[in-house]
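Quick setup: one chain, the form predicted alone, written in structure tokens, and binding and motion questions come after.
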């Protein structure tokens, strides 16, 4: 069965979520992955969105964190300050998802600027809730495409620390933090990817695990469930 790079990344991310966990979800691939996990192997996964929805069960993929679908299907809706102060910063989130414009070998993330801060070549969307997610969730999963422009060392700006980044899922494979090491290590390659491709897409000397594995391809069940997750705009038609 054929599948796209985005589908492989989404399925790989979903497999890292366990039934009963509380997941702080972002829009895009993180939302797809979390909802896929809930529809397959983790029906008890609790989805929390930054807008204040707890236990959301969207019937279609939300267009934003303010999508009414999230509030309509949530167990509770609270204020944004309560989400951050009482739920996130109090350590009640098992796992958080983050994206990145740049990431370094330690898992630190930049979503602020490229180039000098005072006069950047590119000004990025900024921190948002990323620093709190990175420091308050028990573990953090980063989903990002792998390229020398994204995998850099040093970062142009450190927006979020990577101490709790446990896994980085890319279009080529997975990197994890090895016990006792501060550096991310390539532990798994997606079907069709090679170590040479991963190293060429990394702006530092990439460490590779001795027992490097291969990601199992998406199953028919996973792909069917994923493809049934249509964005809200499509569901209206």
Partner chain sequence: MAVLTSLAEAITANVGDGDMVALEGFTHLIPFAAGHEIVRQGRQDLTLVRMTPDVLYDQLIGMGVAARLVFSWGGNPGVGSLHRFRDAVEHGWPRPLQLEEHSHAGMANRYVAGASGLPFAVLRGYVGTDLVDHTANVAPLACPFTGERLTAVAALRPDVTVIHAQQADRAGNVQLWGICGVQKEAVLAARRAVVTVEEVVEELQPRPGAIVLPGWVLSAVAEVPGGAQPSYAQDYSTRDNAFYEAWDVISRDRDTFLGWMRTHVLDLVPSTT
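Residue numbers count along the first chain shown, from 1. Model, not experiment: these values are computed from the prediction.
Beyond the structure shown, there is the form predicted together with its partner chain, which is absent from this document and is the topic of what follows.
- Highlighted residues 44, 87 and 104: none comes within 4.5 Å of its partner chain in the predicted complex, counting any heavy atom.
- With its partner chain left out of view, the stretch that reaches within 4.5 Å of it through heavy atoms in the predicted complex is, among 205-213, 191-199, 165-173, 49-57, 49-57.
- Using a 4.5 angstroms threshold between heavy atoms, residue 148 stays clear of its partner chain in the predicted complex.
- Taking the partner from elsewhere, residue 99 is found to have every heavy atom lying beyond 4.5 Å of its partner chain in the predicted complex.
- Although the partner is absent here, residue 138 lies well away from its partner chain in the predicted complex, with no heavy atom inside 4.5 Å.
- Residue contact with its partner chain in the predicted complex: residue 186 places no heavy atom within 4.5 Å of it.
- In sequence order, 71, 72, 77, 79, 80, 81, 84, 85 are the residues of 71-88 having a heavy atom within 4.5 Å of its partner chain in the predicted complex; the partner itself is omitted from this view.
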